[in-house]
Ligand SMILES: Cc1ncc(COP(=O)(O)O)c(C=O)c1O
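Have a look below at one chain only, the form predicted on its own, in structure tokens format.
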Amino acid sequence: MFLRLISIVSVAMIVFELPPTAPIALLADPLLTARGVDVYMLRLEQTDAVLSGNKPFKLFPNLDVARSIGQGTVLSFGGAWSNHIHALAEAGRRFGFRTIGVIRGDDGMTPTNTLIFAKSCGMTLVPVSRQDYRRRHTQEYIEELRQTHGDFYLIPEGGGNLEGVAGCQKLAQVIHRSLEGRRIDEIVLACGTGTTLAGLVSGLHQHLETAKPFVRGIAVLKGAGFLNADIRGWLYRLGANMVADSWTLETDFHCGGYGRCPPALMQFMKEFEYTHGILLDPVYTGKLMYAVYQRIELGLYKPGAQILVIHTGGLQGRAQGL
């Protein structure tokens, strides 16, 4: 009991600081010049050695809630290559939380670098069958996990809850400060759960008085149309449901499905990285840039368009052979 009180007190002293700004890169290559389109990249992957990208925006508000209720254990879900599990494990190590990762798979899976890293951070890994993993949204399964592992604060897969969305509202301020007065017509980002997109749209319309750019999400899941309802639901709960004409979700650039990286995508990534010296991951940012370049080639942006793409990190996945 005494040790648990010490743990709670130490966690209560933590200040979860999000990056105030991020580096901005202007991309330059013949296609962009020929089309007369300026593409900037917000490089969130450079804001921290491990806890970078959009993950802190979704994790830190959840950890703040856990701290406020005196809960020192956090449980979440993810696959064997999950950026979310990787980031949560590091956050637990850094801020003194006990973390539990329920991993889609079984006891016979070969450990990935992500899982090896998570375990090195002190995360308890719980491999479960795909059948059990599909039960992760049910209260019955959550209670089974509590009976087995003790009480915990639950963060949904990918940080996809209202706290995560509210945290991503602060991306609007990071973008505004980082742009330093540059005009932007459209912001484009990759979407797995829609959490970051919903938070960004809400943040732009609730916290910025300047002209607000259109937000375009690039879904990395096959058949991701269902995310539209999730995004609208979060916007409604945040009081930003009136901004329906300020965002859209593109569902045709998944390249075969989540985690799929066909030869055309791999070739594009190699050429992009050679030209710009910026690494991409095949699950999120590779598909993001592939989609943006296809849209530019199709003439879907007028000459003079100013586009900002968000590099949401996830480069640890490049070591996984995806």
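Fair warning: this is a prediction, and the values are worked out from it, not measured in the lab. One-based numbering along the sequence shown.
The protein also exists as the form predicted in complex with the named molecule; that form is not presented, and the subsequent description refers to it.
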### Query
Out of 192-200, 97-105, 176-184, 130-138, where are the residues with a heavy atom within 4.5 Å of the named molecule in the predicted complex?
192-200
#### Entry: Contact residue in the predicted complex, from Pro213, Gly158, Gly72, Gly92 (heavy atom within 4.5 Å of the named molecule)
Gly158
### Message
My question is simply whether Lys55 lines the interface with the named molecule in the predicted complex - judged by any non-hydrogen atom within 4.5 Å.
### Response
yes
### Residue contact check: Asn83 to the named molecule in the predicted complex, 4.5 Å heavy atom
yes
